[in-house]
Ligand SMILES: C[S@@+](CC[C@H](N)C(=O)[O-])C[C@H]1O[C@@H](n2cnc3c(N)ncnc32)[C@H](O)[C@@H]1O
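Form predicted on its own, single chain, as structure tokens, below.
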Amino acid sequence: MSLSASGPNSEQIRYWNEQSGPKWVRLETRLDEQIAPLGLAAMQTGGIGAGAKVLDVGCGCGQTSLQLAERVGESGSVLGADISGPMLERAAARAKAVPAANVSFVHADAQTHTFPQGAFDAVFSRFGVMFFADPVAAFANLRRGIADSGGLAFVCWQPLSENPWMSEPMAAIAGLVDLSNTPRPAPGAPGPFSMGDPDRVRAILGDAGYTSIDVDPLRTEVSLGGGGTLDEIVDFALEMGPASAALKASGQDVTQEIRDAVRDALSPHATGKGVRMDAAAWVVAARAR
């Protein structure tokens, strides 16, 4: 699997192959357990069932592709696409271990890759569509791969302010870390919150040619890091998300003072089933024609 870091999404290609992808592989189990329920909600909304041919955009380490494969059965098929080589290698290994004969993978940029025209009954994504340099072009490209009777279903994050599981660890370190070098993406720039505005989501999909666009709120509770002890979840919070990005940008090592601050922020949310915190996403569905 190889994909050159070129084209409009070259920066994201480098990031997901060199930095974030290997980290996601290492923390795969924790991340899967945390966000799996949100992806399943989007699958249900998309009405993906037996016999469907599905494109899984931003399939990552493969959990969603394998879940989709179970839904579509032997008469259906799933193609998982991602820009991250390390994550796709892990996805392929998981599919081989099952084994899942109706799943395949392609190392591709979904904004520019030429998918077979009208080949898919559905395009699905779990938090994989927020990183396009030109989302209208990307969704238009994906739409060309959808059959006339098919559709699109995905889940994306609402703004950071609506997701305490990400914002509270960041707030906890704000007084201890120099945040002046922390990247502050422009509104709509590629990143986890680029599709946080529902009106923007509708406009993007409308401009890309989709119809019957629904953007529904999903407010739920996630188990941060998929569960574990409070100290394990503190480690997770300092490795993933905005707090991790701020630490990296500042060049600041994780000190005991930083760990204690994040622990104090998360401890009120600790339960017998791990650290549970509010999360907010959009579940989006649309028709291709």
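Note that residue numbering begins at 1 and tracks the sequence as displayed. These numbers were taken from a predicted model, which means no experiment stands behind them.
Quick note: we don't show the form predicted in complex with the ligand, though the next part is all about it.
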Is residue 109 close enough to the ligand in the model of the complex to count, meaning some heavy atom within 4.5 Å?
yes
Answer for residue 225 alone: is it within 4.5 Å of the ligand in the model of the complex, judged on heavy atom distances?
no
is_contact(residue 54, the ligand) in the model of the complex, heavy atom dist at most 4.5 Å:
no
Examine residue 132 and determine whether its closest non-hydrogen atom to the ligand in the model of the complex is within 4.5 angstroms.
yes
Stretch in contact in the model of the complex with the ligand, which is absent here, among 70 to 78, 175 to 183, 119 to 127, 214 to 222 (heavy atoms within 4.5 Å):
119 to 127
Which residue, 66, 35, 41, 254, has a heavy atom that falls within 4.5 Å of the ligand in the model of the complex?
35
Identify, from the list 83, 146, 195, 153, the residue with a heavy atom within 4.5 Å of the ligand in the model of the complex.
83
Would you give me the residues of 265 to 286 that have any heavy atom within 4.5 Å of the ligand in the model of the complex, in order from first to last?
none
